[in-house]
Structures are given as C-alpha cells and as structure tokens.
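As structure tokens, one chain now follows by itself in the form predicted on its own.
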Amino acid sequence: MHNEDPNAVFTGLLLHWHENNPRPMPWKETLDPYRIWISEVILQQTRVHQGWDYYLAFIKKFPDNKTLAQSSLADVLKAWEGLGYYTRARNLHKAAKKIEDELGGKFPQLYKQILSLPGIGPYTAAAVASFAFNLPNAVVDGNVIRVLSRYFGLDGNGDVGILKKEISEKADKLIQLSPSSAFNQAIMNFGALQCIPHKPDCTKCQMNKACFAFNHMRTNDLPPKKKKILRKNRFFIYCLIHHKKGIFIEQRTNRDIWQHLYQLPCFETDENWSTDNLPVFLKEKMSKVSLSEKIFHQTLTHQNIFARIIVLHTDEPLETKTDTLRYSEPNNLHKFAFPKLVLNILQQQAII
C-alpha cells in the first residue's frame, strides 16, 4: 500500500465507505440545481435533522425559481421563520430575481456564474456545480477540513486561514480522481457520521491505517481550533401593548439583526434595564406597569440578546402616535415572520 499514491488510496477508501454507509436525504434524489441550491443554503447554518422539514416545506411553497422570484420577501421570510441567519433568505430572494430578470429564468451551469449570484460563496457554488452538473469543484466546509486535516496531517502551522488554503488545494487534487458528485457527498458524509469533531470512534474506522491523526495520537488537536468568538451582550425591552382584541407590532427596518422581521415595539437599553429611552407616549403609562421578572435570551453568532417585557393596555389607537406601529389581532399574527426570541415571548404570553 505504501507504494501507492496516498491521494488515490484515500479516495478509494472514502468511496468504498460511502457505498456502505448511504445517507438518504430528499435533496440528494435530484439533479435540479434549484432544489440543490435551496438545500445547501438551508444547511449552511442548520443541522440536517432540523433542515429536513424546512426544506420540504420551502420546496412545497416555492417549487421552482420563478415562484420564489415572484413571491414577496415577507412570504420568504415567513417560510424561513425559526431557521435564523435571515440574510440567507433575503439573498435567496435576490438571487432568484436575478436568475429570472437577467438570466432568462435559467439557473447558471458554470461554477463562476453560480458564484456570482447574491449570497453564494465558494462552498455553495461548488456543491451546486458538482451535484447538479458533476463539475470538478471540491466543497470545503468544516467536515472536509476536519477529515483532510486529520488524515493527511495538515495543520496550516496553526493558522486557520493557511489551513483552509492547504485543504482547498488538497481537495482540488482529490476530486480529480473520481466522479465529483460522489466524492463531495462522500467526504461530507464521512465527516458528519464517522470523523466527527469530538470523540470519533477511530478504532472502527476503515481509514485509520493511513490516517496521520490516528497514528500520531493527534485526533483531538487536528484541525487546530478556531479562536473563540467574543459575543457582545445587548439588552432589549419589548412592549406588549394590548389594544381591543389585538396587539401592536413593528417591522425592523434598520441595518441590524433580524432586518425586515417583525417584533413587539422595542427599545435597546443597558444591563441595568433602564427605561429612560421609552417613548414619551408609552412612558405616560409606566406608573401602572413594570418590567417582567423573566429574562428571555437568544444566542446569535456574535451577540447575546437578553430581553424583558413591559405589558401595557391602551384604549388609544397608537398608529396616530407613530407610523412604525401596526395593529394585529392574534389570528393574523401567523402572516408575519418573527425572530425566535419574539416568538418565545408571544408563546409565553399566550398570544399565539
């Protein structure tokens, strides 16, 4: 075996493992670039078991690119509700419109053309190019980096950026040795099922004889760890304003988290939960109400969001006070897309 090309040995073992460990998923049964694209975008920041149902529901609502392009952004965001990272949904909508308006409704078939679509990076472009058109473009995600780093002993001298370049170059060589679609699917599945981040069962891995990490007892430190993300803490106070049979909501329009999603009227405060920034027309009612004891929390990639609520009742039509508020009765709230944090508040308050 040691006289053989290590790249060919790896590829052969990988494809053999893949044949014996099938991983059926609905988006793997199609060559439709649109459906493959949707699945890859969903799975960018979402685990397979969570993304599965979202994918089926999304395809049912938007079965093709034309339907997606002609739908409103509000409908797309509503279908995305709960998945998080809503920029993905906004870019899907932009890209679908570009395909219809500039490309005659035909999904591009070349890697660089796919890469030019809004929101599509090298990984997604490579996945669509290989799975839909069998082009020799290697995907490089966390699974691929982990597998190749461990097997070939690549560490980028401890620099994550250098390592990713090394992995990309290695993957580009490996994919030339087999059908690209099969290789990309095999290495991603191998990383997800066998060569997992923590405590992989290396003793039962059929690739362990030539695996650098296994033979040098470096499984735990390859690939090198990324620097820990420092998250900023933010504090929101939401105003649950009851009026007649409904409540008031507003849309987030500033360039910030959850852009274009709806929420309860909100103002940002400090860790002391000061209400000094409460709008004057609401502050008049503060003597009758107080902040909730319960603190709601959601962790985002770079932020920790903490929230408390103020419950208010008013007989006034508050739309006359500000043009940002919108009145809705509970049975109409399903039409609006809310961040998970706000959904939790509405559910806890038995509004939905």
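Owing to the predicted nature of the structure, the values given are computational and were not obtained by experimental measurement. Quick note: we count residues from 1 along the sequence shown, nothing fancier.
One more form of this protein exists, namely the form predicted together with the DNA; it is left out here, but the text below deals with it.
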property: Proximity of R47 to the DNA in the predicted bound form, heavy atoms at 4.5 Å; result: yes
property: K340: touches the DNA in the predicted bound form, heavy atom cutoff 4.5 angstroms; result: yes
property: Contact of L43 with the DNA in the predicted bound form (heavy atom, 4.5 Å); result: yes
property: 4.5 angstroms heavy atom contact with the DNA in the predicted bound form for E271; result: no
property: Heavy atom contact within 4.5 Å of the DNA in the predicted bound form, the stretch among 205-213, 225-233, 68-76, 175-183; result: 225-233
property: Residue among R146, H243, H93, K170 with a heavy atom within 4.5 Å of the DNA in the predicted bound form; result: R146
property: In the predicted bound form, the one of G142, G153, G156, P279 near the DNA [non-hydrogen atom within 4.5 angstroms]; result: G142
property: Heavy atom contacts to the DNA in the predicted bound form at 4.5 Å, residues of 76-99 in sequence order; result: G82, L83, G84, Y85, Y86, R88, N91
